[in-house]
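Encoded as structure tokens, the following chain is the form predicted on its own, with no partner shown.
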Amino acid sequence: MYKTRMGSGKSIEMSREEIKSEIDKGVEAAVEDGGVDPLARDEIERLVELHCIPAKFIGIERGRELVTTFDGGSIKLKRLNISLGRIVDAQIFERVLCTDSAEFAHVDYSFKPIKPIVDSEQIEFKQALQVTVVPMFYGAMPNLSLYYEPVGSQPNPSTVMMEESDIPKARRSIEKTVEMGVKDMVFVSRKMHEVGADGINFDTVGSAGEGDFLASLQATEKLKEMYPDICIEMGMSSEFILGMHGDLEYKGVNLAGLYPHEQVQLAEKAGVTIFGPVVNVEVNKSCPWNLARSLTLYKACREASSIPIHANVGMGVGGVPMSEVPPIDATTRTSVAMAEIGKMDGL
């Protein structure tokens, strides 16, 4: 019997045959959900082997390492009640955790609340850039939900549809928030680029539906027109785009329901430099099942893209269990699988 986990992080044991069966089912689920090709037989066998290695911590062969990018890097320690300040947090990520890149972010982590304090953000961000060496991104979420009532000025589409049954009004509200979101994303990103940001991270894209994705694509286009060399990383929030509007399109493609291999093609057209696909973990399924499903969808995304793919492999996505501190046995197996089988460019 081999130790593995559930998607919740719960420790369980499985036989090799059970692990193989779970992996086969995970691949089948990805094929059915995303309409992608399955993993090859030798890739499935390698995935089985990775789960049957008795060691708690496994690693990649020397020379096959992947680079890492992060979201919310300079505020992660604060969330653990370690209050050292964002600049020190960034230095820890660089010099203690040895990350390949770091990210500076505000604790609100959305473009709308950052806009009024962008001047002070520029000052502290520039100080962080001066005491670090690794590439430093500035990151935030589009988070179009902040533009809806009661915290925003636009009618909440869900409320409008449920209480008024007025679908056209709900759609107009979504379209208006797209315009507002693009302006804020471009404004803040431009300010951070001007003080020396090595890149901008649009994180958790699509969390408010396809309007969120559309705003990110349009903001990317505008920034690329201003600064052709700007690096923009787009990290998604979910494996498929929620259809809150239903008819929003980008370059003739309806955005609702797109899976990673379809999302990345539009991101590339908009000018995105690095794409971070997401596949959500199902907590009532095993880690072998979840990793197989994630890997199948990520591999299809990689094959559909000519830009670097940095797969999301954090808490509750990419085959990593949904737990506050993801277990090392699961995260290392995920990392090795993404490098060897998924052929990812980074994590």
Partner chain sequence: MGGMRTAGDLVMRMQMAKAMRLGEAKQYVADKLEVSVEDLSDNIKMDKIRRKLGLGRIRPSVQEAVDLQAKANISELLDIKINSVEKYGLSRN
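Here the structure is a predicted model, which is why all the values come from computation and not from measurement. Positions refer to the first chain, counted from 1.
Absent from the display: the form predicted together with the partner chain. The rest refers to it.
For the partner chain in the predicted bound form, the listed stretch (241 to 249, 131 to 139, 172 to 180, 157 to 165) containing residues with heavy atoms inside 4.5 Å is 131 to 139.
Checking 108, 100, 221, 149 for any heavy atom within 4.5 Å of the partner chain in the predicted bound form turns up a single hit: 100.
Checking 115, 95, 269, 76 against the partner chain in the predicted bound form, a heavy atom within 4.5 Å turns up for just one residue: 95.
Remark: residue 273 counts among the residues lining the partner chain in the predicted bound form, judged by a heavy atom distance of 4.5 Å or less.
Mapping the unseen interface onto this chain, residue 309 counts among the residues with a heavy atom inside 4.5 Å of the partner chain in the predicted bound form. Contact annotation: residue 262 falls outside 4.5 Å of the partner chain in the predicted bound form, judged by heavy atom distances. The partner chain in the predicted bound form is not approached by residue 86, whose heavy atoms all lie more than 4.5 angstroms from it. Using a 4.5 Å cut-off on any heavy atom, the residues of 176 to 207 that reach the partner chain in the predicted bound form are, in sequence order, 193, 194, 195, 196, 197, 198, 199.
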